[in-house]
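In the block that follows, a single chain appears as structure tokens, in the form predicted on its own.
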């Protein structure tokens, strides 16, 4: 008996085409439906055209609405798996947000395309077929939200876009793919050990993300003192170190009760409280800055947006980011 798979389309390059001016633009809402006959060889597919957004238009609020729409769909019908098509620029963020918040216990796959639908070598159809196969595979259960691209399966927590145009753009630095897709089978090599889930009602927290660079001027950050922000994420150097000039501004934000999460701008490894000089990681930890456990900046921002609905206590947030 065929597995019943819900495909939710949100837009992106997979639903775009190149016009005569060589510009890439969104197609009509039914663009991905043209692939439906190829999908039905692998599962009983229901196609839902929810959005048709370029991925830079995605927001946490829209991600949360996507979560609500999927959960509502399960209240009316049963599906054995879900595939979500999405633009690649923010795909990893939506995948990770859903990994943290979606309360549906079936395989959930996010996919997209690097080449528009009418380009030679368009990768969207193959990625979508592979995603339906993965969502219909019983071994895909209990893996969290996964990203399928270029015959590889990646965990939402670790995957990131690494190339501006290459079809093999999605990689998991330090961890690698958790599985691969062959002609006749879906093969898993390992799986994430830890899973997190947070029940939320919205995704409206205002959390900026800044990146450390040599010679930062504190004036770049001081305007944040006048803003109504709920938290801040800082991409630090190396193991978790910052220019000393910005430390007083960060201290003022902490004194105002703004939680600050520290990640590394390196894409391998994680921040640690090692260096004991002004701006060094040990001093930052003593200030009360929260150290993240290997997330990149954009994902740490989403996790802070989510976890702020559970607690605003720095110590408790640190425990959640230790996970």
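Treat the numbers as computed from the prediction; the structure is a model and nothing was measured. Positions refer to the first chain, counted from 1.
Although it is not shown, the form predicted in complex with a small molecule is what the next lines describe.
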property: Contact of residue 37 with the small molecule in the model of the complex (heavy atom, 4.5 Å); result: no
property: Partner contact for residue 269 in the model of the complex: the small molecule, 4.5 angstroms, heavy atom; result: no
property: Residue 101, heavy atom within 4.5 angstroms of the small molecule in the model of the complex; result: no
property: Distance check, residue 144 to the small molecule in the model of the complex, heavy atom within 4.5 Å; result: no
property: The small molecule in the model of the complex: contacting segment from 245 to 253, 80 to 88, 202 to 210, 178 to 186, heavy atom within 4.5 Å; result: 80 to 88
property: Contacting member of 64, 55, 296, 49, with respect to the small molecule in the model of the complex [4.5 Å, heavy atom]; result: 55
property: Heavy atom within 4.5 Å of the small molecule in the model of the complex - the one residue of 233, 153, 110, 113 that qualifies; result: 113
